[in-house]
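Only one chain is shown below, in structure tokens, and it's the form predicted alone.
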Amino acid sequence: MAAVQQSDAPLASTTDEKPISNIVIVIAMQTEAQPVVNKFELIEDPNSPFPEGVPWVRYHGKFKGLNLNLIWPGKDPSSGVDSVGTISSALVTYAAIQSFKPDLIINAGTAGGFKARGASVGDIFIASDCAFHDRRIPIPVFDLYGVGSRKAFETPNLVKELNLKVAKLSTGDSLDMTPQDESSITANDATVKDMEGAAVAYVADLLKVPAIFVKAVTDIIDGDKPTAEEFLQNLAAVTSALDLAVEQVINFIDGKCISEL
């Protein structure tokens, strides 16, 4: 797939032809990150390259022919909860790209899904597009900037081999959904909704690093249960499904070039 970008310009052929060796994985929550850390036997870095005082955590290790850096934004110093949302994910994505110069970024995490668009709890989606649904700027051109729609990095071979679903992703900083958000999500033609993806896509686009998005559905937004209740109820089980999907994705990537994904 072409890198996360608004233009249709292809990556340079030298980039396409180099074997992928360095991957950054961005995961927002410790509950989501820990199974992946355990699966790949990653080690927490006690000497983080990040600025002193930030809560961001780096786990690293090797898997087959790949150098893996998993970045978790850590716990918010004031509240003690996971640093979820677009600000933290954008910051750690930028810092990780600057520090580790990855060939590829994987943003993995949980998401809400719409049953009207075919999503079920436990489904794994690869995002084809990312956009924001809560940046409303009703001024010509600024409105398009607010939505920030970007094509995700296409991985047709990976999707086919792993039999994964593909859908558009919409991102916002709230777990719940206002009527205005719902209208924007509909306009974004999104099947899944998260709190990080489009921010990671924005930074990846700026710095021209291919990025893919692996999202596991924890809750059905247009279902009968309250979102927060269903999210917490399904988080552990769906995180296991996400862990397996990330493992399969990384196994597929090993030994391949960008153009082979």
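We number the residues from 1 along the sequence you see. Computed from a predicted structure; not experimentally measured.
There is also a form predicted together with a further copy of the same chain; it is not shown, and the following applies to it.
Checked against a further copy of the same chain in the model of the complex, the residues 154, 161, 76, 189 give one hit for a heavy atom within 4.5 Å, which is 76.
Of the residues 129, 103, 123, 134, just one reaches a further copy of the same chain in the model of the complex with a heavy atom at 4.5 Å or closer; this is 134. At the 4.5 Å threshold, heavy atoms of residue 166 stay clear of a further copy of the same chain in the model of the complex, well away from it.
Though the partner is left out of this view, residue 53 does reach within 4.5 Å of a further copy of the same chain in the model of the complex, counting heavy atoms only.
Residue contact check for residue 205: one or more of its heavy atoms lie within 4.5 Å of a further copy of the same chain in the model of the complex.
In the model of the complex, a further copy of the same chain sits beyond 4.5 Å of every heavy atom of residue 63.
Only one segment in the set 223-231, 64-72, 40-48, 210-218 has any non-hydrogen atom within 4.5 angstroms of a further copy of the same chain in the model of the complex, and it is 223-231.
Contacts with a further copy of the same chain in the model of the complex, taken as any heavy atom within 4.5 Å, map within 157-189 to 173, 174, 175, 176, 178, 179, 180, 181.
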